[in-house]
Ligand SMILES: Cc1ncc(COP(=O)(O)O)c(C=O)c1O
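Before any questions on binding or motion, here is one chain by itself as structure tokens, the form predicted alone.
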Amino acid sequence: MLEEYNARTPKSAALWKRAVKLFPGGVSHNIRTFGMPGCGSYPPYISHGQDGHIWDVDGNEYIDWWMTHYSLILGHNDPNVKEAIRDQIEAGHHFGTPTEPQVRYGERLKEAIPFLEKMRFTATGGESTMYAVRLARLFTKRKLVGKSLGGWHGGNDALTYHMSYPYSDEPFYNGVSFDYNNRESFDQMLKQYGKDLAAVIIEPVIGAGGGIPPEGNILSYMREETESRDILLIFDEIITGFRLRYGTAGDGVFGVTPDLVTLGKAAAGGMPLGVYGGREDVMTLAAPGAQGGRWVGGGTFSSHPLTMVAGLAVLDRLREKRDQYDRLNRMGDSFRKRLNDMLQEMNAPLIGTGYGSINFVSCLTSAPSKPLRTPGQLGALFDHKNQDLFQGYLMQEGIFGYHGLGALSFTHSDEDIERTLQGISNAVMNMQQR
């Protein structure tokens, strides 16, 4: 199916052959196959990147929408970030001790996000959501946690469940779910489990579940209902934080302040970072020896000096560009409208979803009879087999992404948009001709 791609990627093919002998499924992160084995192929092995483009080991160039799991809002190889990392390496790359950049970076985050009264750093987003949930359980003395269908909060036992339709997997530990944007579903969860819920965790824009933004006042409603029941509201802004604006989306874009928030990705521009924080009375339980607390520590690589200095450089650059977020989000919104108009003209059962610079493209088993407002509605029509095929044809067109696409950076150009639309058109035509 991908003869052109396979013919021009022999070095990637050789590396893949070696990798499958070493790693389960050939990868150390499940989604990094990018669906290519489902097309009888393999993922490209990337050697370098610049701005909004990457190159594989065979020298093939791609327009990059994946952008390191949406992290690189400044683009690949930003000179300021690179210089900050280089300077820190000269002094030492890790000490396992407190450092000045850790304090400075924390101060910069608090300046950008005032409700971040206290915070902790980790090395990954999955650690941060795990610790945020642990704090919520300690604070409320309850065990149950609610999350949205299709919500991805990292690979920890507390939250890794109900990510893909038909959402029939059992939670590892004390979890329930609801369908985002569906007030009846949320109310039913509260009615059945409200007195036992320690927290509800939500991505303001659902990520892996389809790039679904909030509708109407759903976030405000969730805030009111959780607050009235002494349930902590956690916003997972590992994707949306510093991507939709300088700061967080929950309060700054959608006007709702949570009790706790988790951050990562764009907040450190591709370096390993997780942040969890918020209300001081909750975060105090993370302090060593806190009464009623428990180990809510970190790890060997938490507040890593290279991440801290990179994060400072990223926030400096994003603060300079804070007036350009509107342009970037309009660019994404315009792309998505043009994409859906084109798909409708082609009579193709695909749909573009997202918000601002976040853009997903999903293959469906049939054209929807009504707008897809919730992860449950999108999941019920999602076509896994054709999604892999679509992803493969995009690779063949020189478009690199996942979940159909990904997110824009400040370095993507109008030409990148036009080439992406043409690449999607070609991919759809190839699928229709099969």
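Owing to the predicted nature of the structure, the values given are computational and were not obtained by experimental measurement. In this text, residue numbers run from 1 along the sequence as written.
Just so it is clear, the following notes concern the form predicted together with this ligand, a form of the same protein that is not shown.
K.L.:
Find the only residue in 153, 304, 243, 147 having a heavy atom within 4.5 Å of this ligand in the predicted complex.
P.N.:
In short, 153.
K.L.:
Ok, 354, 278, 311, 125: which has a heavy atom sitting within 4.5 Å of this ligand in the predicted complex?
P.N.:
Residue within 4.5 Å of the partner: 125.
K.L.:
Just one stretch in 136-144, 180-188, 103-111, 232-240 has heavy atoms within 4.5 Å of this ligand in the predicted complex, so which one is it?
P.N.:
It is the stretch 232-240.
K.L.:
Considering non-hydrogen atoms and a 4.5 Å limit, does this ligand approach residue 162 in the predicted complex?
P.N.:
Contact check for residue 162: no, nothing within 4.5 Å of this ligand in the predicted complex.
K.L.:
Counting only heavy atoms, which residues in 188-215 are within 4.5 Å of this ligand in the predicted complex?
P.N.:
Counting only heavy atoms within 4.5 Å of this ligand in the predicted complex, the single contacting residue of 188-215 is 203.
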